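Here you get one chain, nothing else, as structure tokens; it is the form predicted alone.
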């Protein structure tokens, strides 16, 4: 049997696996990506991106490329939340934004980007067995040219909710499966259906169907129609015990049948634009690491609400990449890979909190449940609760626990306009190489001198800014989270040295 050696194998070439591969390539690690599908699936899945991942993609210079492919790169910031709407359109700086983009397009762009950076992407290659010891993982792979073995220092399962890697690693995946089948369709409407100015539909032989959510004793119907394009988005939820194969696409007939069951009437439909079906689970892997096998994305967590899975999964990949690369390069401090589990398990627990709250909101059918939804909808008219829920959905509320207790540590670094000796730039542009940054905003040579001990791992920048950050010096990790912060009047040198050692190992022997 053929044998190949490599540093990292990523199993799964979806958005999480492809972004992880790109991030590793930026550090100099060239991963192998094994994807069992020969081509990108044409079954519609996620229809867009939202949350913190949009900021991270901008920090890598990828957002413009994706924006150019989006039919609606900046939709109105109105988001579903357990049967109510979170309307952030009146906020000047909403904590949650989105982009319409088919998952197939996202996978293509990220896959091409990873390949261009040097990742070895192999489609039609399926992992069938694995074993590991203290030094490596051995994978048995079935490819188009027959079976072969890959020996790798690490394996990362980005292979979805039914993860083979998770099973082979023996990692439990506890949680719940809800008996909800969700069907989503974007279709044109025939002329026989009238779209009223309110967004309601006037359906021949039935009458008025209201925009928004309609609850019946048989399920829920969601509706949003455009008078200009005559395109309607229809969404049904029904409780069913049947299991559906994710590889089998939703058909117009299945969608129409579901509408008829829920509404008790038929809505005439035209040509389908997008059809998808999905079920909800609330599951989280007990641990994201077992020896040299790790998990990210849906392999690590499944959330019972829409609009959060891609954001969470891709952020897993960015969080893991630099830590994995540090271990491979030999400078990682002890337990750095375990911190990946600590941080992203913590983040997923926060996401699970609000998505399971959404389950309780949307699954209640009695008057008390409707009263709760009405009350929450009223509260969301106020700015503070709207911001809080928006930050929940986007992941902007996440603050990783860190040794340094400055209010900024553990948070995502905001983009700053920076004035340097070489001109005006931004923090987002400085983050393109995915390297740690010491950002000195008050010309502190003592701090820059300390950081020189880690010059092979850290970029050091001196700048001024028109913004008013809560700190005058920031140590920013490659995943754009702040690891250390200080103000100009603090004796910051000792704490900076501690933070550099904690996150980036011992200083270089050449300094």
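Positions refer to the first chain, counted from 1. Just so it is clear, the structure is predicted and the values come from calculations on it, not from any experiment.
Keep in mind the form predicted together with a small molecule is missing from the figure; the text below concerns it.
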{"query": "4.5 Å heavy atom contact, residue 13 to the small molecule in the predicted complex", "finding": "yes"}
{"query": "Contact of residue 259 with the small molecule in the predicted complex (heavy atom, 4.5 Å)", "finding": "no"}
{"query": "Contact label in the predicted complex: residue 486 to the small molecule, heavy atom within 4.5 Å", "finding": "no"}
{"query": "4.5 Å heavy atom contact, residue 189 to the small molecule in the predicted complex", "finding": "no"}
{"query": "Contact test, all of 17, 46 and 158, partner the small molecule in the predicted complex, heavy atom 4.5 Å", "finding": "yes"}
{"query": "Per-stretch contact check against the small molecule in the predicted complex, the hit in 47-55, 440-448, 457-465, 471-479 (non-hydrogen atom, 4.5 angstroms)", "finding": "47-55"}
{"query": "One residue of 276, 411, 281, 132 in contact with the small molecule, assessed in the predicted complex (non-hydrogen atom, 4.5 angstroms)", "finding": "276"}
{"query": "In the predicted complex, the one of 356, 103, 233, 97 near the small molecule [non-hydrogen atom within 4.5 angstroms]", "finding": "103"}
